[in-house]
Ligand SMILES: N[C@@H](CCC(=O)N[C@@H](CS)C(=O)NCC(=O)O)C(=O)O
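Starting off, we have a lone chain in the form predicted alone, written out as structure tokens.
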Amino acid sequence: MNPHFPTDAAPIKLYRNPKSGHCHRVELMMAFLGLPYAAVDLDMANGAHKAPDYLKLSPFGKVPAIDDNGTVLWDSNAILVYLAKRYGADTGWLPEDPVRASQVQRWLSIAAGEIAPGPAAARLVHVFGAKLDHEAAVARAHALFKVMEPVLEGSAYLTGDEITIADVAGYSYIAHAPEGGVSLEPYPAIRAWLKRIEGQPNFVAMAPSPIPEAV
């Protein structure tokens, strides 16, 4: 149990799709912080994410969203920042040092930028049948990984030798990139980084989907 979480408080509600990497980021962060949470799986195929009650929580009708005993937040990276500041302030998940904080922010931007149209988009095509340019998404994923590989050859984590929310934001879609037909075989440093994250206490995995033939 996280020492900053009130003993009389209800578990944090996590509104999610269990196959969403954005949702898994948040679930993974709550697990790392030892926070009690209750997953609320939305029937997105039947429009539950566009229902009026859910739009009050997440006005763009996207997952994830959380309700932390009345504090309602949406956007996965914003939720990571909140959880780190609210429940991990005495740890290094979101450093106070200006340089390291800016490095974390850079990788959060990459999680919302290059990861989204790269490995996340490639996976959307295979797992969810999204009508996207799969070949372009795979190319973007490899372009990203070619930048990440030398970074992780020189440090254990994305911003140095300590894990931060930058690593949590990047983990889910990169770990599941093969589900989108993106091979991780050419990137030993990235694969070692994934293993280090998976070796953290309280790690929780996202449910796997069938892996297609690698591109």
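Small disclaimer: the values here were computed from a predicted structure and weren't measured. Residue indices: 1-based, along the sequence shown.
Same protein, other form: the form predicted in complex with the named molecule, not shown, and the subject of what follows.
Contact with the named molecule in the model of the complex, defined as any heavy atom within 4.5 Å, is confined among 182-190, 43-51, 160-168, 143-151 to 43-51. Interface residue remark: Gly61 is counted as part of the site for the named molecule in the model of the complex, having a heavy atom within 4.5 Å. Phe32 falls outside the set of residues with a heavy atom inside 4.5 Å of the named molecule in the model of the complex. In the model of the complex, at least one heavy atom of Asp75 sits within 4.5 Å of a heavy atom of the named molecule.
Residues of 172-189 that come within 4.5 Å of the named molecule in the model of the complex, judged by any heavy atom, reduce to Tyr173 alone.
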